Every structure is written in C-alpha cells, then in structure tokens.
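In the form predicted alone, a lone chain appears below as structure tokens.
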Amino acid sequence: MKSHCPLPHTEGESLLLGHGAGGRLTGRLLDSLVLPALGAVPNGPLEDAALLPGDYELVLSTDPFVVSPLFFPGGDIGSLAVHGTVNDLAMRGALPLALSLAVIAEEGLPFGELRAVLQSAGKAARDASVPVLTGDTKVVERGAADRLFLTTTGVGRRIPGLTPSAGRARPQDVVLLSGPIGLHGTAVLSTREGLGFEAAIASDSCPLHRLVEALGPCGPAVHTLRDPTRGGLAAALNEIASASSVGVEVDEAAIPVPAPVAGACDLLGLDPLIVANEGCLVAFVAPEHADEALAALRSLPEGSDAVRIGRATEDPAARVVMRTLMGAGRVVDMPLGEQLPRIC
C-alpha cells in the first residue's frame, strides 16, 4: 500500500494562507488564476519589480504588508513596507525615485500606534533618500483588517550597466550571500507567539539599494539579484534555478546562520533555509568578477558579513542541492506553503 504526503486540496475551493507564502502554492495561484484573469503574459520570469514599457530604465514595484505583530525587534510594519519596496526595485538593479503609501486601518486602532508606524515609515524613507509622494487612507470596520495593513508602490531608475534578472543566471556563476539568514522570520514569530527569543534575535530589515549600487562597477557580470524574503533562501534559489534553467550547489558550512536563529529553529522544527529575511540579498555573479563583487558587498556595513555560498551548474532539472556538514548532498525543494505566516 502506497503512502502519500498530504497536500492541501485547492481545486474548486478557497484560498489558504500558503497561497501567499511565495512557495509552490503561490506559483500555482499565479499561473492558474491571477495572471490569466488579468490577461498578463510575462515575457520572461516573474519578478518582484517590472521594467516599464517604453522606458527600460524605469522600474515599478508594489507590495502589501500584513505583518503581525505591527512592532517587532528590529523594526515595524512602517519601516518594513519602505524597505520591502526599495529592495524589490534594487533587485532589478534600480535606485528608488519615489514611493506611494496606502493605509488600510481598522476602526479602533489607537492614534498613537498609527502615528508611530507612519513616523517609522517616514524615517525609513528619508534614510533611504526616497520621498513618499502620494498615497491613500481607508478605515474599515472592526475585525476587517487585523488592525493595520500597508501597501507601498515604488518607481526606480536602473543603475547604468546593471541588468539583473532571475532568468540571467548562468552555469559557473558564483553565488554570493550578503549576510546571515533567518533573523526576520524568527524575530517576528518569537514576538507574536511570546517564545522569549526577542532579546537575542532582531529583524535584519534594512534597505539594500546601496549594496546594489556598490555592485555597479561589476556591470553585466551581476547576472541575478534576489532578496530571500517569503520562503527564505530555499525559495529564492529555487526561483532562480527554475527561471534560468540552471542547477545550484550550495555549501551548508558557508551559509551564515546566527546561533540564536539556529537554536530557535531547532526548538520549533524549522529549517533556517525557509525562514524569511528582509535585509540580505543573493547574487549570481560571473566567476571572473566574483572577488570584486564580494569586496564591494563587504565595503558597506549591511554587507560586511557577505560570503560565497556556492555556484550555478548545468542541470536540466534545475535542482538546488546543498552539500551538508556531513558531506552528503541534500536536495533543497521549493517550500510548498508558509510555515511562518504573516511575517511581511
């Protein structure tokens, strides 16, 4: 008698939290419902930011933020909304020009909390040198929005010479990671569930456009950039492998996982590779420019812990394989759904 891994049944039914997790369920939702309904036919791999038709130097991105709780060690929904959209623009090689900010607030939200969130968003925007030019505010009935949701939209301009895309990775590319993983997801989860890790773990939420700007001299050798947010490093690497039709080999010993994150993941039965990040990026760089790119990342505080973690390979199956500490090869699958909901 064969055993089957239980999978959520979605045909003809309703949305699951996992459909918004950035993993396989999200991909199925986009392919089967969202894109066909909108009449959208992408000309390449799906990206978190798109080039504007007629002006391929301008980049557009939009993102809703529904994180719970609103405040967490290292950030809050306001700063996260700014950082998230700035970073989506940066992953297409663009510096931010302007943002919009839309607020959906629930009746009964204290003015003090709303003010704190918006002041944090304003500070994050000023620190990133990007103005918030427009927006909107709606108030809904109690229980209709879990206190506060934000949506940010950003326009950016590409840095001359940088043309990164999820579909441009090539075999032999060196895979770089700009910093440690797992901090954001475990910080939010610990705060939400009262797990007691707050003193040791803070979100890594920060803008990444200055790191990308530092990569400018490497030009077209920077093939792919991705920030491993929902679904973590595992999802980011699988998305790149699939979009570029390459394999990816990474070394577990090279991937920086802070000790408190490793401890929290062990306790909760989580894989650090699938935990969300909001302040690091993955770069696929031509091997002859890898040392230059690594030095550029390390030249800034937000990239001081940048490391090489692996390389791209020729693999028609587009598998992501991790060489474990024991020397074995482990296939790293795309996450199915969301083990840590409401983290961004």
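All residue numbers refer to positions in the sequence shown, first residue = 1. All values reported here derive from a predicted model rather than from experimental measurement.
Keep in mind that the form predicted in complex with a further copy of the same chain is missing from the display, and what follows is about it.
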With the partner left out here, check for me: in the model of the complex, does some heavy atom of E302 sit within 4.5 Å of a further copy of the same chain?
no
Would you check, heavy atoms only and a 4.5 Å threshold, whether P64 touches a further copy of the same chain in the model of the complex?
yes
Would A259 sit within 4.5 Å of a further copy of the same chain in the model of the complex, counting heavy atoms only?
no
4.5 Å heavy atom contact, S244 and a further copy of the same chain in the model of the complex:
no
Looking at 260 to 268, 154 to 162, 213 to 221, 177 to 185, which lies within 4.5 angstroms of a further copy of the same chain in the model of the complex, counting heavy atoms?
154 to 162
On the criterion of a non-hydrogen atom at 4.5 angstroms or closer, are L15, A121 and C344 all touching a further copy of the same chain in the model of the complex?
yes
Since exactly one of I255, C206, A105, L189 fits, which has a heavy atom within 4.5 Å of a further copy of the same chain in the model of the complex?
A105
Option touching a further copy of the same chain, based on a heavy atom within 4.5 Å in the model of the complex, out of V307, A286, A318, L33
L33
Pick out the residues of 96 to 114 whose heavy atoms come within 4.5 Å of a further copy of the same chain in the model of the complex.
L97, A98, L99, S100, L101, A102, V103, I104, A105, E106, E107, G108, L109, P110, F111, G112, L114
